[in-house]
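Below you will find one chain, with nothing else, as structure tokens; this is the form predicted on its own, and questions on how it binds or moves follow later.
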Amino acid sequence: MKNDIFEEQYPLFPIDTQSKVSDDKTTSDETELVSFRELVPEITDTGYLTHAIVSYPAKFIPQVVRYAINTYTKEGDWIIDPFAGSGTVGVEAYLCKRNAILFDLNLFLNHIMPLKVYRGKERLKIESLGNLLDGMIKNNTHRFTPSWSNVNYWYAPEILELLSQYWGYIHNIEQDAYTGIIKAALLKVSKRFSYTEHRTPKLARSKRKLATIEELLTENWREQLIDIVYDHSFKTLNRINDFVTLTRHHNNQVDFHGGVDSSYIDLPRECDALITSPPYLQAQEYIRSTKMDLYWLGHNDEEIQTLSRLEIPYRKADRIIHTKTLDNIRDKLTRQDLCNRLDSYFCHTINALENTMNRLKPNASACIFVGNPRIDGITVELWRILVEYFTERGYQFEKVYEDRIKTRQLFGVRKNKNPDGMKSEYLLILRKTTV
């Protein structure tokens, strides 16, 4: 999966193509082996259009979302995603003339969605963006330093001063699409020119990166930083303009709500489908992965820490989920900390799914994309556990698609053919049968 926001090639894809039926044989009586990239050939780049404006860990690939939209919804339907992440479902829904409601614990969603689903009908102007960038470079009036108790730990003083100048300018002018574009570029350089390993999700200060920054400070680092800001800003503008060209006549809606717990939120309406990809069992710290971004975007320690404590590894289960498969796994675990993590994961993941699926219309589909991770050497069949839980609560098991993982690129620095030991990912389809 490519997350590189400097990807240059991205074609304009038709948005009314119907998914093809797979002729692949099933791997068992329960799973149907498919390749979603083959089923949705019109999407050849996972970062096309606005999908790659910002980096985000473990993105939901658009081919899976497009397949679910084409197969299980119709134009004008409402789709809900309780684990919205980087907003892939919202982008694909808008492109396909569906409406979407997105929820995520991470406040980052509120900042990126106005760009990723830009609803303006006129193309943005290169000249306007250029003038704003020039003004930022020349400005020397305002400063913005993140409300982050250890910000100095992550930056060389001269780099922090320059970033504070640029962010000060952009935070103190009228906010619009152009300022959003520049913020996306500033987020890139704010991480790249920090002491953290900028191609890994979590903050990780290393000797290698410290040495890189020290060497960079002996060079023309200011010019390099400025070049990246200009380059990324104009590429983002072009992506948004291509999005406008495709969606100029679209009038559907994408509502997004970051910083909320979808387990307990009151939903404003009934929906025609759920399409989502819950966090991985062993990798759910998305707020900690984006906290540097959140600080520069204006959030403070208290806000970020409060939401971080609600992430699954740090949150106790408020009930214990029981299914045949899950109970068998729990009985095999010998470490209490792993039992606690398992209980926390299924409690809060199912809480969010159940809360949102309760607002599905009768006969609506729930499309849930998951992997089969391992915990203490034991494979956890997430899709099977979800089937066992929800078929006892008014949902019919329709099918499960198995998509083999071949190669996934994570933040451009490491190639992990089987993340968390997984060889496949699964799209589970449940249908609501109760009123």
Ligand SMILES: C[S@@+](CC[C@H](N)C(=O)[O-])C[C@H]1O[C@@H](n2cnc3c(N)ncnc32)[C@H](O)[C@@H]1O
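From 1 onward, residues are counted along the sequence shown. Because the structure is a prediction, the values reported are computed rather than measured.
Below: the form predicted together with the named molecule, not depicted.
Participant: Just to confirm the contact call: exactly one of 59 to 67, 382 to 390, 42 to 50, 396 to 404 touches the named molecule in the model of the complex at a 4.5 Å heavy atom cutoff, so which is it?
Facilitator: Of the options, only 59 to 67 has residues within 4.5 Å of the partner.
Participant: Given that the partner is absent here, does residue 286 sit within 4.5 Å of the named molecule in the model of the complex, heavy atoms only?
Facilitator: Yes, residue 286 sits close enough to the named molecule in the model of the complex that at least one of its heavy atoms falls within 4.5 Å.
Participant: Using a 4.5 Å heavy atom cut-off, state whether residue 311 contacts the named molecule in the model of the complex.
Facilitator: Residue 311: yes, in contact with the named molecule in the model of the complex.
Participant: For residue 261, is any heavy atom within 4.5 Å of the named molecule in the model of the complex, or not?
Facilitator: Output for residue 261 is yes: heavy atoms within 4.5 Å of the named molecule.
Participant: Quick one: does residue 84 come within 4.5 Å of the named molecule in the model of the complex, counting heavy atoms only?
Facilitator: Yes, residue 84 lies within 4.5 Å of the named molecule in the model of the complex.
Participant: Please pick, from 194, 365, 88, 236, the one residue with any non-hydrogen atom lying within 4.5 angstroms of the named molecule in the model of the complex.
Facilitator: Going through each option in turn, the one that passes is 88.
Participant: Within 4.5 Å, heavy atoms only, which of 279, 201, 168, 180 is in contact with the named molecule in the model of the complex?
Facilitator: In short, 279.
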